[in-house]
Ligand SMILES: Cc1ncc(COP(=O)(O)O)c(C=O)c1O
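In structure tokens, the next block holds one chain alone, the form predicted alone.
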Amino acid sequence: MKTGPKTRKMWERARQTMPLGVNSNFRYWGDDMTFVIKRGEGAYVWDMDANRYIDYRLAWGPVILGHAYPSVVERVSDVLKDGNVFAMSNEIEIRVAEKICAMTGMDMVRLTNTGTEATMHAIRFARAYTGRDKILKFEGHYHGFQDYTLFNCQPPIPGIGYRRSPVIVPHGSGTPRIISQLVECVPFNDFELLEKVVKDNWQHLACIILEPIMGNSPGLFPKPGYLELIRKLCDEHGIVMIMDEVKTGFRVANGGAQELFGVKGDLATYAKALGNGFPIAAIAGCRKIMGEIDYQKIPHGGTYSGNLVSVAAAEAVLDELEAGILKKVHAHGKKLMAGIREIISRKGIPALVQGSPGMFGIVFTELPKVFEYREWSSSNHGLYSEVLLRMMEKGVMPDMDSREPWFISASHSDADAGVALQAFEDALTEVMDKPKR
């Protein structure tokens, strides 16, 4: 697949002043197919050549309602008349904080701007509260572009080493090696190894941070009892449990994965769907920790935190959630998941469809179930990418990276699902029937 002439021309212009012609490395898909999007509306985006795509990327998850969603646009337009940022409190951010606490069951919340900021602050809160420095994270879990967790996010296999004593691998150059000494890492869903590592290191562990559903190995669930084990170990050893709900929050349930699985963290981080694409994030948690954020205690600040535009967007989203909009999101996701399962079963292709209806993934594998990064890494990523590229040629755009889930919005229709399923079947048939070299 190649982008059209107007899109390519705009990208050529961009790369004169922006590395790779993008503002995030993951947006670069190659010289011939890096997209430049002109506009979005509802479930669709259009490139510079006016090609329309049904959007199942949704900017990697934020657009829970749909692009340019009327209630969000109206709310943001209204508040812009009153200003944008004051670096002072405003009434809307207070209402948003109240809604987040009511919806998630958390006691207190601090707002910030991105998921990366939220996880970075949450780890600092945990370190300050416990007086310990180390963190424990899981292979394949991604917690934003901050140095403390940018290890073993997409580690090379077999370069990551033996599962009982994995090598700590930075995501790339620029992360100080010494920080790796503050990180313990284990495979997700391994009960025995988790207990061993916590037993050996608890006196140095400030927190265990995790994605309750793996967002970058797409949509992998915890095994029954695994989150409960993490909760138990944290309680026993005075470790802060941080639920990174940047992707799952306000998407898999109104109260996020903590509501879905019935396990509550001491702290939780939110972003993505909270603002329907406007930059807003939150760190929420129990009063015993959050109540210690203060001068000369636990530091936290941010010039743009709680800015009027972002909190107006968040309030519009939370109002829609309270009105039950996720029922529509999940109905569409269930239709797609069932349809994809039927297609791969009928064609006899070994694959799994895993995750929540709001964010699910397809894994081409012979395994009966996939629960962790090492299992997922052995799946057929090349087949996935080839199928997805052909889907984009047919006007349907999930992300071609096999790590990324399909994201669903409230604007997707039954007609969109029909087009997407036909595109998936046709693309899969074309790839499987292609002559082998």
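One rule holds for the numbers: they count along the sequence shown, beginning at 1. Just so it is clear, the model here is predicted, and its values are computed rather than measured.
Not pictured, yet referred to below: the form predicted in complex with the ligand.
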For the chain shown here without its partner, which stretch in 91-99, 192-200, 211-219, 157-165 has non-hydrogen atoms within 4.5 angstroms of the ligand in the predicted complex? 211-219
With the partner omitted here, the residue among 314, 246, 284, 242 that in the predicted complex has a heavy atom within 4.5 Å of the ligand is 246
Contact residue in the predicted complex, from 333, 115, 355, 277 (heavy atom within 4.5 Å of the ligand): 115
Do residue 170 and the ligand come within 4.5 Å of each other in the predicted complex, heavy atoms counted? no
Do residue 142 and the ligand share at least one heavy atom pair within 4.5 Å in the predicted complex? yes
Might residue 121 be said to contact the ligand in the predicted complex, defining contact as any heavy atom within 4.5 Å? no
Using a 4.5 angstroms cut-off on non-hydrogen atoms, would residue 272 count as touching the ligand in the predicted complex? yes
